[in-house]
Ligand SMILES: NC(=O)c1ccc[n+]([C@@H]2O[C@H](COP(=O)([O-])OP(=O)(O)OC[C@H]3O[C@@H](n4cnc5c(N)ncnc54)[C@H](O)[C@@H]3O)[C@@H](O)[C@H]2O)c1
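Given as structure tokens, the chain that follows is alone and in the form predicted on its own.
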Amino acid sequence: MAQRFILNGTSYHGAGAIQEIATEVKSRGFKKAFVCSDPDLVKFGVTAKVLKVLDDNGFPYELYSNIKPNPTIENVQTGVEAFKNAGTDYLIAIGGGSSMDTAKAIGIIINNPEFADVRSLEGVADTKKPAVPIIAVPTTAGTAAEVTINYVITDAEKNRKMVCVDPHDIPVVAVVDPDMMSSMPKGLTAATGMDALTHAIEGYITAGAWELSDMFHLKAIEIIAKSLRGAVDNTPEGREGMALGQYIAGMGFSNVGLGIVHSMAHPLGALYDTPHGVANAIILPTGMEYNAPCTGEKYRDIAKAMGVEGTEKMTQDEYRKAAIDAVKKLAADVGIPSDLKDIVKPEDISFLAQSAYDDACRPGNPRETSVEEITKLYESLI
């Protein structure tokens, strides 16, 4: 069977990389940018770092910031209209997954107007044309939306997240500059970092995993395990490591899928507006325990990548437990809660379980599951 692998055409990495935006705009002949960034990044001057590059080079732009932490259909719809009215010809997405996901949906709809109904993009949409060109500038080290073919939009009316998968949405340029992440507070750094680790671990054990994706995911686990604590403490080395580690994880999982940790996390964001990284971080150890019987020797590799010593001499039970314990320890060290007691209401569990089962990430899980089993997993966490 042929395996498909899709990555950015161009990516820049390292401190000061945002200066290369000018290089790309000039070389591609872009005229006017539609800049998508969330209100907090605008308020605290993070977006301004990129706008200064545009201003210094005389590049015109329109700023759009009607973007929620879990972006909604309405955010996309108003963005599409604003893009049309602004006379822009490319997008710059500045932020975490929210800004980049919004930009992807806008870019797809502009060039594929038959998908103006945002709900029609859910799943694998049969779009015909690439999105409006996107330059993606992440400000969090977690989602890796700058290198993935996925985006997630919340259907606020139905309290659910729509996972959209489309090779046409991948940004043409990714600019991964750790300086853009230096102002992230500790809690957000921890949550997005654990999201990146979840991408790497789920991507490594997902049903679609193969040698090329395994290479990315194992290296990502290793870098994240070494870097996240430092990133939370805002060390340059930690920031640099997480910027790279989360991108490497994205290169892998975008092409092979995820599993039930993500499918269980998505409904929490839709129903309670729970930050995606926090939801993933809390659920990950439980998901790993559930999936362990269907992972062969992969948890030995995960434990070793997490820095556990002596894995070669461990039994299967020992290295599986060691991998899970290493994830729990990292999560605890960076301040992630250990359960969902303060998030999930017991009366919502049946809705959450059905939503998780219906989620686009669930089929990639290495272990076959059911609504009943997912219900038990939620219950074990409250």
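All values derive from a computational prediction rather than experimental measurement. Sequential numbering from 1, following the sequence displayed.
The same protein has a further form, the form predicted together with this ligand, not shown here; the description that follows concerns it.
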Taking this ligand in the predicted complex, would 134, 174 and 217 all count as contacting it (heavy atom within 4.5 Å)?
no
Going by heavy atom distances of 4.5 angstroms or less, which of 267, 96, 259, 245 would be at the interface with this ligand in the predicted complex?
96
Residue within 4.5 Å of this ligand in the predicted complex by heavy atom, from 209, 188, 225, 109, is 188
Which one, 32 to 40, 54 to 62, 316 to 324, 332 to 340, holds residues whose non-hydrogen atoms are within 4.5 Å of this ligand in the predicted complex?
32 to 40
Heavy atom of residue 279 within 4.5 Å of this ligand in the predicted complex:
no
Indicate whether residue 71 is a 4.5 Å heavy atom neighbour of this ligand in the predicted complex.
yes
Should residue 78 be classed as touching this ligand in the predicted complex when contacts are defined as heavy atoms within 4.5 Å?
no
Contact between residue 145 and this ligand in the predicted complex at 4.5 Å, heavy atoms?
yes
Since the partner is left out here, which residues of 178 to 204 would have a heavy atom within 4.5 Å of this ligand in the predicted complex?
180, 181, 183, 184, 185, 188, 192, 195, 199
